[in-house]
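Before any questions on binding or motion, here is one chain by itself as structure tokens, the form predicted alone.
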């Protein structure tokens, strides 16, 4: 059985992943940092986002099995994507801060789950 802290940990990692994927885009990066990303920064954010998303999917499957873990992951990434969209719409400058907090909180929740 998956605990609430494990679910919140997966949500935090998914938020971090979608935030990284969003910051890999020129306009979102410029909205958050007031400058354009270098091609290397864009590639790093892109691959980091996909890597974290893949790891969070693996963790969900590891703890819940393939069937329920996939359903749980789909729901969690839907909520994480909505949260990133709302953050970019209303507080784009705060996205990197929220991502840092999300990474720290997700790691702590994963360690103490």
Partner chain sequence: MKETFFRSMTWLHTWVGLLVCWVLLLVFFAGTVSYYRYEISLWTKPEIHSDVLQAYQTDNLVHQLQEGQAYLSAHAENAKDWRINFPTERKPYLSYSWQTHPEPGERRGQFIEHIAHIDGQDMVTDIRGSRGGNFFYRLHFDLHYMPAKIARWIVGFCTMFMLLALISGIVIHKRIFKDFFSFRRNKGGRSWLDAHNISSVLALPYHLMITYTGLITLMLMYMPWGVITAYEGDARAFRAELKPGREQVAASGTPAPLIQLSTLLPAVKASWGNTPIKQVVISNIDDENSRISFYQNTQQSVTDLRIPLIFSGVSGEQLSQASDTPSAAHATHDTLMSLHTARFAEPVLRLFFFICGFMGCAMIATGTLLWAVKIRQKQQKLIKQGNKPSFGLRLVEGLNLTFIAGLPLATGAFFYANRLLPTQMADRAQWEVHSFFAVIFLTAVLAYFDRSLTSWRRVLGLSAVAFMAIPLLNWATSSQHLFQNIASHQWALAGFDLLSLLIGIALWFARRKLAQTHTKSSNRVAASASRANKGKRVPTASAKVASDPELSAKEGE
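Residue numbers count along the first chain shown, from 1. Note that this is a predicted model, so its numbers are computed, not measured.
Beyond what is shown, the protein has a form predicted in complex with its partner chain; the following relates to that form.
Scanning 72, 52, 45, 32 against its partner chain in the predicted complex with a 4.5 Å heavy atom cut-off leaves one residue, 72. Residue 37 falls outside the set of residues with a heavy atom inside 4.5 Å of its partner chain in the predicted complex. Although the partner is absent here, residue 58 lies well away from its partner chain in the predicted complex, with no heavy atom inside 4.5 Å. In the predicted complex, at least one heavy atom of residue 7 sits within 4.5 Å of its partner chain. Put simply, residue 25 is close to its partner chain in the predicted complex: some heavy atom of it is within 4.5 Å.
Scanning 59 to 90 for heavy atoms within 4.5 Å of its partner chain in the predicted complex gives 64, 67, 68, 71, 72, 74, 75, 76, 78, 79, 81, 82, 84, 85, 88, 89, 90 in sequence order.
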